[in-house]
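Read the single chain below, which is given as structure tokens and is the form predicted on its own.
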Amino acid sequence: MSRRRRGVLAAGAALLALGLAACTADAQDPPAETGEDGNRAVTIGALSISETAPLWAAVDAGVFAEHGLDVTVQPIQGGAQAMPALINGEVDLTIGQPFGVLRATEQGLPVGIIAGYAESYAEGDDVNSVVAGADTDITRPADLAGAKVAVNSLGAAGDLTIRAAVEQDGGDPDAIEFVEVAFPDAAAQLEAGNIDAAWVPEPFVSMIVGAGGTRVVDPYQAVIPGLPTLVVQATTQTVEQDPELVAAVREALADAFTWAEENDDAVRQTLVDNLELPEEAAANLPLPHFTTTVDQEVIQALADLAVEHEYFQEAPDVDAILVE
């Protein structure tokens, strides 16, 4: 069994254990909590990255309150935290990589995608990239073979698409040594020489490249152009027992993205407030395409790629994962 397969199975076993624990708990949900204004209290787990900006800004602007929702955004580091938090009821919804849902479903956990959130670019500089430090010899995907590459969560879309991009460029994907490093720590790890390259989203791409680093490859774009970077995830129990919440969140997000397009300055101010970016950096930072729509064919391509690279034995049922 390959190191990759062992790592993926270990992650899946941990998720499955969480799912079984959750299933043995009382199936009845407690009464829905309300905020001080009488709106439905909802906790949404999300990464502290630039793509969360429309959510932060729209919550502050009262867009979600207009839909009867009192939203709290709970910072989450990555898929390793997000899925257990969702399964165990620590958050009501999560905004995370679609791969997390595929992996959880493949392990039999009751989760699904209720809406899209953000998409990578099909062309041009993407919103996530593999970057190398200053004075590096790594300039193309094939150069990553034999290198130590950081991702925020092992056994997910980051290392999967990097493997595919390296193989596509003629390199040996099995020669890459992947290590888990939180996005905010990647720059320091590169500078210290502890890693050779890192897969990071904005604003960390611009920060590292701006400091003399090298943009090596945009793996999503190289392998599955337009792949969603983030989707909205919920448990099957929430979908079945609380369809009003699911509908309200979808509608609120759609309005939030429309509002964000018309209030770009307010969205970028949240990058200053929440990520402590300099105002000039926040003003020029590239943001992804925000949409609640999910392209089933693209998610299927991601699932098939996971089978090809032995992350899954067989592709999960994507049609069942995408909640209408």
Partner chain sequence: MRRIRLRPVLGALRTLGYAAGLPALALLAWALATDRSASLYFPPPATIADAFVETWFGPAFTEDVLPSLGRFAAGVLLSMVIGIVAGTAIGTTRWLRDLLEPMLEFFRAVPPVVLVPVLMLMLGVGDTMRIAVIVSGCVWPVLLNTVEGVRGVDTVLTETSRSYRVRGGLSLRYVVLPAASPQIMAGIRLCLSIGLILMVISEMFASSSGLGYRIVYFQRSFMIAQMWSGIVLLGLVGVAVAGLYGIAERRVLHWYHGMREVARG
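Positions refer to the first chain, counted from 1. In this text the structure is predicted, and so the values were computed from the model without any measurement. Take the two forms, superpose them, and find the largest set of C-alpha atoms that agree within 1.5 Å; that set is the rigid core.
From this point on, the text means the form predicted together with its partner chain, which you will not see here.
Can you pick the one in 201, 112, 171, 84 that has a heavy atom within 4.5 Å of its partner chain in the predicted bound form?
Going through each option in turn, the one that passes is 84.
Only one of 221, 74, 153, 214 gets a heavy atom within 4.5 Å of its partner chain in the predicted bound form. Which one?
That would be 153.
Residue-level question: is residue 250 within 4.5 Å of its partner chain in the predicted bound form, judged on heavy atoms?
Outside the cut-off, so no.
Is there a non-hydrogen atom of residue 125 within 4.5 angstroms of a non-hydrogen atom of its partner chain in the predicted bound form?
Close contact is absent here: in the predicted bound form, residue 125 is far from its partner chain, nothing within 4.5 Å, heavy atoms only.
Can you tell me whether residue 163 touches its partner chain? I mean in the predicted bound form, with a 4.5 angstroms heavy atom cut-off.
Close contact is absent here: in the predicted bound form, residue 163 is far from its partner chain, nothing within 4.5 Å, heavy atoms only.
Does any heavy atom of residue 144 come within 4.5 Å of a heavy atom of its partner chain in the predicted bound form?
Looking in the predicted bound form, residue contacts with its partner chain do not include residue 144, since no heavy atom lies within 4.5 Å.
Go through 206 to 214, 113 to 121, 145 to 153, 238 to 246 and give me the stretch that gets within 4.5 Å of its partner chain in the predicted bound form, heavy atoms only.
One stretch meets the cut-off, namely 145 to 153.
Would you mind checking 190 to 223 for residues with a heavy atom within 4.5 Å of its partner chain in the predicted bound form?
Going through 190 to 223 in order - heavy atoms within 4.5 Å of its partner chain in the predicted bound form - the hits are 192, 194, 195.
Can a Cα shift of no less than 2 Å be assigned to residue 181 between this form and the one not shown, given superposition on the rigid core?
Shift at residue 181: 2 Å or more after core fit.
Look at residue 91 and decide if its Cα position differs by 2 Å or more between this form and the one not shown after superposing on the rigid core.
Stays below the 2 Å threshold, so no.
Taking the rigid core as the superposition reference, indicate whether the CA of residue 151 shifts 2 angstroms or more between this form and the one not shown.
The answer is yes; the displacement is at least 2 Å.
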